[in-house]
Each structure stands twice: as structure tokens, then as C-alpha cells.
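One chain comes next, on its own, written as C-alpha cells: the form predicted on its own.
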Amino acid sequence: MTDVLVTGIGAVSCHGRGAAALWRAMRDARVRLPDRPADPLAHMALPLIYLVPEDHVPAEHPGRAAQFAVTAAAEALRDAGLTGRERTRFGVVVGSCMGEAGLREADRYPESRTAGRRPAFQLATHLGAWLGGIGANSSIANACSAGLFALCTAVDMLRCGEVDVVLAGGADAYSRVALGCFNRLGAVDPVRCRPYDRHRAGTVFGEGAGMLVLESREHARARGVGTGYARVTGTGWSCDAHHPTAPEPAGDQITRAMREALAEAGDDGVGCVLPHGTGTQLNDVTESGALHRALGPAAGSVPLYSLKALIGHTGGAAAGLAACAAALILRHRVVPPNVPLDEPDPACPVRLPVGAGTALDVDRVLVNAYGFGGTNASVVLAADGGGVR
């Protein structure tokens, strides 16, 4: 089977632009309260979101999600030692919850009144045009698991020989309709995003993008790259088909996706899990139970890193950013401390180390992502070449 490497990463989050900014925030583990958008028509009880700072948003691309996607992609390409203009088959796979739904809010983007109908899910097209690449170009809209489905799709494309290099990940930005819908669902935490906390009351969205460069080991070696951040050693995906928004309570299909990814990766355990962990009551309890079924007795001791507590729930970008975070954990061989909980929930018996980093005992990280409609995905990343590049 083709050995698929992650050779570059790029990130944009509420902590700023760049993977280095993300790692600093992970290492510092400080509580960050959500922002209130400067949107006079955001008439809702809890207009809370973790916004990307304006001085970190380039203005040369239409729509915030496209700006984030291109910024993260450009960094990932530089990190991989690529320009995007090589004579190679570049694929692009981008996941998103809302695409560029914000562009349809005419009061914020007056040009949309006269631009006619434009598709909301055009991020992959926009990235492909910016890249000038020749290869498959796909948008994934599997709700909040879209970024990890994009990564799994990219792996399949490389293993099938459809492309030489793939830019894969996710991007999402503020849109009034998304925030309004979650307010109507009663699914917004009035304090902050606090997964696995006993007093959690929902999630809090965030803006951002996480993009990764994936390529086969053979292709990487041919251009002089010996090792990558990580190897993608296992993928798994499934669907609950249980409810439009709620996870299937038993978590059978969530467990199945994890087990498939772990089985493909080999039975060597994992040193860290980046859970989906949204902060909603159902998600956190369901995923905790599924982790115990998938990992067995090790589930209580394997450290979890709760990324959404740091950057909010970035929708379709969440798993792309989580995969970037996993690559950084493998590179530095340490699991950063979690943002502290007010009170751990005894119904979620998982280990969330705080206060100091935890040595990565096993050089493999499991990343999970789940979305509305019961779409589930899991990926195992393993250190390549012993960790630090």
C-alpha cells in the first residue's frame, strides 16, 4: 500500500495566522473567551464566536473562508518546499460546513445583490484556480466532519494514483445563518467552548482553516524530502443515519470508524487522541463511551488533547486544524496541556492532562471528527523518521 506522508501544514485560527501561532497557543493553554461579531443584524441571544483577528485576514480573496483557506494552503506549500507551480498533478480537497454562505448576506457583501447565483461551496474551486493545478478538485460538505473526510479522500486519491500531491483540509468563517441556527437549536454555550466539563451547555463556533500537503513517499523522495511530519497509517469512516443533528446514543458507528482506522494502522496503540469533543452534552458522553470500546483498557490512560477548548468549534475546518495539531504533537513528541476545565464530567471518563505537557509515549495520534447526519471519520497519524524533521 502506498505510504502517504504529511509534508506540510498551514493553519489560521482565532490565535492568528500560522502553524507556529497555533502551537504557541496549544503550549500556553490559556482560557480565551469568545468574541461578539460586529454584525448589527445578528439578532440572537448568544452571538458568540471565536473570530480570526482582522489583521490576520488577507483582503485579496473574496469571502473570509477563501481567505483563510488560501492563507493556510500557501503556508502548507511553503512548509512542504513546494510552490504549487510544479509540473505535477495537484489535487485539492476542501471540507466546509457553510462554504461561503456569508457572501449571500447582501448587507455585508453588497456586490452579492448583483452577482447572481453563486455556489456556496466553491472553496476547492477557488483554491484550485489560485493553485493553477491539474488534478481532481473536490468540495466536501459532510458538516463538521468535512475536514477529516477531505483528508481520507485525499489519501484514497494518492493510493489510487489519481494525483501526485494533494492539498487537503477545511475552512469555515462567520456566517449569520450558521450562528443563528445554533442559537435556535439551543446549542451555544453562554460561557465558552468547554468540552468534557460538567457544566458545558453547548458549543461555540470559531473561524479558521487547516490545510495539509499530502504526497506519496516515492514522490517526496523524488524531490529530495526524506521524512514528513507524519504518515497517514489508518483511515475509517461510517454513518449513523440516526438523526439529523444528534449522534446515535450507543455510538456504534463512531466506534466502528475508530476501529477501522486503528486496525489499518496496526495494533500498536496510540499515544494521544484528538477527539471531536464539541462541548455538547450528547457528543462528549457518546464519544467517551466509544473511545473506551475502541481503545479498551488503555482508554482511561491515553491523553486526550481537546483542541476545541482552545479555538472553538471551527466547523468544517475543525478536523483539518486537528490534523495539523496532531502533526505538531508528533513533531515535538509532546502532548500540550489542555485548557483547564472548571469541573470534569464524571460521565466522560477520559484523561485530559492540564498544567504541563505530557510525553508522547507512542508515536501515533488518533484524530476523530463527527458531523450532523451521523457522518463519522477517524484517522491515525504516525511519526515519520522518529519525529522531528
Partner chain sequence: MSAPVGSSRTTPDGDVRPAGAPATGAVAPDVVVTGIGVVAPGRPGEPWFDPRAELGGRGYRYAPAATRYLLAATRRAIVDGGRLDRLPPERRGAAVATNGGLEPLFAEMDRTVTGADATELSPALAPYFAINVLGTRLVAEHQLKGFHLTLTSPRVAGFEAVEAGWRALAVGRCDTLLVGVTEDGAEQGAVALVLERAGAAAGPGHGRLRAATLFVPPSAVSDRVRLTAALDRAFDRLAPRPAPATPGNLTTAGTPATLASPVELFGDGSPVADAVGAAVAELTGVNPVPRPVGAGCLAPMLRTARLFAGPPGEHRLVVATAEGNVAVVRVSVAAPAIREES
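This one's a predicted model, so the numbers in the text were calculated from it and none came from an experiment. Numbering follows the first chain given and starts at 1.
This protein has a second form, the form predicted together with its partner chain, left out of what is shown; the following refers to that one.
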Heavy atom within 4.5 Å of its partner chain in the predicted bound form - residue from R217, R259, R223, H292: R259
Candidate from T71, S139, S306, N283 lying within 4.5 Å of its partner chain in the predicted bound form - any heavy atom: S139
Which of 63-71, 325-333, 348-356, 35-43 lines the interface with its partner chain in the predicted bound form (heavy atom within 4.5 Å): 35-43
Residue contact check: G373 to its partner chain in the predicted bound form, 4.5 Å heavy atom: yes
Any non-hydrogen atom of R78 within 4.5 angstroms of its partner chain in the predicted bound form: no
In the predicted bound form, F182 touching its partner chain (heavy atom, 4.5 Å): yes
Heavy atom of T235 within 4.5 Å of its partner chain in the predicted bound form: yes
Heavy atom within 4.5 Å of its partner chain in the predicted bound form - qualifying residues of 72-91: R87, R89
